[in-house]
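The chain below stands alone, shown as structure tokens; this is the form predicted alone.
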Amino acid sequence: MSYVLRTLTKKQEVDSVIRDTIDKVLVLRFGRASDTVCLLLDDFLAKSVREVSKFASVKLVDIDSEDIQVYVKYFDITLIPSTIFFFNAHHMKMDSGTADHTKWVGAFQQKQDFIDVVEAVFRGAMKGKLIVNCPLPPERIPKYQLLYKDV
């Protein structure tokens, strides 16, 4: 758990932070405070907060909270940590070469990777785009296998 970053545990908190973050990228990390990969990502996020503070705001969302399950289902968060980006209350998507463009699944390999991704989302959002290309090389993007039920 990061003490530098605010943790959201209620749906109303998530709603208001999405609605009230204007002209900045909102980064929501969905995960658990006890998960080691989440802790690694939280460390990168906490170290990067100062560098991205002019164009981004970073919050943590506890997926074990009952109130948050609406968002967990809506964004289909089955793998943690999952990082979702918003700009002016619009969900920003990223084409990172994976099957899911709606979120970043897994941890970033370096602090600079996170900064580059947030900057790419911000630049794309300022141009009016809702989906941006990932600035990272393919070898630094986490790979995972999607399993579809009843297909």
Partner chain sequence: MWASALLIDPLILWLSKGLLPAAKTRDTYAGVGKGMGFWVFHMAGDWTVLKLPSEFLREAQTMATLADSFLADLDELSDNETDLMDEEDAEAANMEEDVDGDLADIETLNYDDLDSVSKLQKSQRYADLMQKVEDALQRDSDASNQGADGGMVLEDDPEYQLIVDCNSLSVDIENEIVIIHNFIRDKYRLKFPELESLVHHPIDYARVVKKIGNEMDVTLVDLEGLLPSAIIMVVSVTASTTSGKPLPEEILQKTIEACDRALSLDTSKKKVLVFVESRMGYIAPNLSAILGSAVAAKLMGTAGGLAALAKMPACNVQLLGAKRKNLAGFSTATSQFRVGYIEQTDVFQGTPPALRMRACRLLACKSTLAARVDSTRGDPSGNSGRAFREEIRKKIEKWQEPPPAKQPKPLPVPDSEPKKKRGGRRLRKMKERYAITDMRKLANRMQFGVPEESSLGDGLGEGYGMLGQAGSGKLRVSMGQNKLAAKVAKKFKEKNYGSSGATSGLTSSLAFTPVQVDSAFSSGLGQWIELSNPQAHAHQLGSGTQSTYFSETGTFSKIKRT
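Model, not experiment: these values are computed from the prediction. Residue numbers count along the first chain shown, from 1.
Omitted here: the form predicted together with the partner chain. The next part is about that form.
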| query | finding |
| --- | --- |
| Sole residue of F122, F86, F30, F108 within 4.5 Å of the partner chain in the predicted bound form, by heavy atom | F122 |
| Selected contact from D100, D62, D67, E51, since only one has a non-hydrogen atom within 4.5 angstroms of the partner chain in the predicted bound form | E51 |
| Contact label in the predicted bound form: I115 to the partner chain, heavy atom within 4.5 Å | yes |
| Contact segment among 78 to 86, 52 to 60, 92 to 100, 34 to 42, judged by heavy atoms lying within 4.5 Å of the partner chain in the predicted bound form | 52 to 60 |
